Each structure stands twice: as C-alpha cells, then as structure tokens.
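We begin with a single chain expressed as structure tokens, specifically the form predicted alone.
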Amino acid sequence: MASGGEQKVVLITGCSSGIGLRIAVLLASDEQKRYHVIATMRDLRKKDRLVEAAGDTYGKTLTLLSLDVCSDDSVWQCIDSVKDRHIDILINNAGVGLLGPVESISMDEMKRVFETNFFGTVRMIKEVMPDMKKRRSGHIIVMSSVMGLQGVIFNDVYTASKFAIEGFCESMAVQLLKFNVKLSLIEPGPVHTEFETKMMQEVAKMDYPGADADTVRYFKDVYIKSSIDIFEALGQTPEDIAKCTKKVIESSQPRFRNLTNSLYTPIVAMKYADETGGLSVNAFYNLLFNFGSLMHITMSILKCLTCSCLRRRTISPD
C-alpha cells in the first residue's frame, strides 16, 4: 500500500454508496494517479457497487477496508492496518439521517445520529490527527451540510448533529493551522441519493405516535411535499459533491467552509445578517405555511432553469 512520496494516501469513510462511493472512484481514477484511496465501509458485504464503479482501479489505486466509525476498536484496527499509519487526507463522509416530529423520535434514535455524525467524525480525527501534527502535514475533510449552518424544520436532530460538528471543526481548525494541517468542511444542500429517496418514501407512510394530529399533518402534507419540490429543483448529484471535494483537496489554499450549491448562499447570508434570528425563522415559516403555493411555483421554475446552465454553475468553490 502506498504511503508518502508522490502518491497521497486518502482514507474515506462511508463508501458503500452515494457521496462516499463517488469521491472514492473519482480520486482513484485520477489520470495522474496522485492518490491511493482507502475506501472504507462498515459492512464489506455491501462492497459490490463500489467495486463495480471502481473498475480497473480496484486493487490498484483503490483498496477496501472495514471500518465502523462508531467503534473505537474498529477505527484503531483500520488505521493501524495502513502502512506506517500514514494518511495524507482523511475524508469523513459516513453519516445517518433522521427525519420527523421530535415527539415521535426516541432518545436512542437521537443518540445513534450523534454517535455516527458527530462522535464518529471526532473519533476518526482523534485517531489520525496526531500523526498529521507530528509530520506537520495533512488535510482533514468533513462532510457537513447546509443544515450545519441553518436549521430546517423536522430535521431537528440531524441539524443539531451537523451544528455540533461545525462548531467542533471551527474550533479545531485554529489549532491545526499551527501544525500546518488543513481542515475543510464540505456543505451540500439537497443531494439526490437512493438514501434520500428511500427515506422520503418511508417517512410518508409511517405513523408518528406521540405527535399531535396537526403536527403529523404539517409534516406529511406540507413539509414532505415542499422537500420533494426543493430536491427536484435544487438537488445536486453525488458526482457534483465529489467534484467539489476534489477541488478543495487540490486547492493550494483550501477554504474552511465550502458550500457546494451557490443557490444556498443567500439563505446563509440572510441568517448572519440578522443577529436576532427572527429574519430567517420568520422567512422559513412564511415560505412553508403561508406561501406554500408560491414556493411550489418558484421551485418549478428553478427546476426548469437548473436542468441546464444554472445547475452547471452550482458546483462550488472555484
């Protein structure tokens, strides 16, 4: 297994599908063969899709290891199996979602989200960071979300986990600068993956014990319908996010925060423009509950636009 030299060792978590898979394949397929990709996943029985997508790179510039980010032992064993424990680039992609009224979500489900999205990422950074600091070289990439910057209704716990990782990384980035180690957040908006599609289909059919009838109705009839509109109009592909991640890796001065979809920039700007928080809260409330029909029309127009030129301009940063 390559380590050091011309070829950079890249370890990626959560590569069985979606964004992680596409990042792994894109870097392993680099024409200049600048990367040796260690693609990891919790269950190696789910490797077939990655192996097929990797093609000739599998076993050459791409290797596969088992890794559960929720297990101290699994993380240690995985990193320890890498030659000299040398990792140039760590891409923290593994994550889980959680959607629905808080009243219907158990505390165990909430803890599971934080165990993966927050503590799983922290666990990886803790294991890899000491070697990077010692070498005074390395790049840590964390797959965050626009929901780490702006709260979204009925995504309360998932949003909280992303807010937590944003705060952790913002603090950690300052220390790492002293050791010449870079830290970058990738912040996608909606991304078209099988995971998202399946989740939307499942939550629409579920019962939500503990939640009042009005809340369930708002969730199913208002939020889910609006979400589908937004995904169809503004959604990017895992390939888009992979390309953005590669740009960040190859930048001579990578940004700390990287919104992948420039259409979300005004939303983030609106939040930070008003220290009271009322502007963004009221704006989202009105969009969802008072101007739902207008938003549907707006999203339909955007869907037409983003099918061509506008969508091509939403892969940031340049």
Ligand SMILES: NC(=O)C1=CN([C@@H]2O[C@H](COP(=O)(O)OP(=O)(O)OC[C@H]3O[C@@H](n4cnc5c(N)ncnc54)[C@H](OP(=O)(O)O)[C@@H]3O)[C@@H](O)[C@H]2O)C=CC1
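Quick note: we count residues from 1 along the sequence shown, nothing fancier. This structure is a prediction, so every number in the text was calculated from the model and none was measured.
Absent from the display: the form predicted together with the named molecule. The rest refers to it.
S.K.: Place the named molecule on this chain by superposition, using its pose in the predicted complex; is the pocket open, or blocked by 3 or more ligand atoms lying within 2.4 Å of backbone or C-beta atoms?
M.R.: After C-alpha superposition the pocket is open.
S.K.: With the named molecule left out here, work out from 176 to 184, 68 to 76, 244 to 252, 131 to 139 which stretch has heavy atoms within 4.5 Å of it in the predicted complex.
M.R.: Checking each option against the 4.5 Å cut-off leaves 68 to 76.
S.K.: Report whether the minimum heavy atom distance between residue 45 and the named molecule in the predicted complex is within 4.5 Å.
M.R.: Residue 45: no contact with the named molecule in the predicted complex.
S.K.: Does residue 160 reach the named molecule in the predicted complex if we count a contact as any heavy atom within 4.5 Å?
M.R.: Heavy-atom contact with the named molecule at 4.5 Å: absent for residue 160.
S.K.: In the predicted complex, does residue 215 have a heavy atom within 4.5 Å of the named molecule?
M.R.: Heavy-atom contact with the named molecule at 4.5 Å: absent for residue 215.
S.K.: Taking the shortest heavy atom distance, is residue 125 within 4.5 Å of the named molecule in the predicted complex?
M.R.: The answer is no: residue 125 has no heavy atom within 4.5 Å of the named molecule.
S.K.: Of 198, 205, 83, 111, which residue is found within 4.5 angstroms of the named molecule in the predicted complex when only non-hydrogen atoms are counted?
M.R.: By the 4.5 Å criterion, the partner-contacting residue is 198.
S.K.: Which of 149, 89, 233, 94 has a heavy atom within 4.5 Å of the named molecule in the predicted complex?
M.R.: Going through each option in turn, the one that passes is 94.
S.K.: Heavy atom within 4.5 Å of the named molecule in the predicted complex: which residues of 135 to 171 meet that condition, in order?
M.R.: If the 4.5 Å heavy-atom criterion is applied to the named molecule in the predicted complex, 135 to 171 yields 143, 144, 145, 158, 162.
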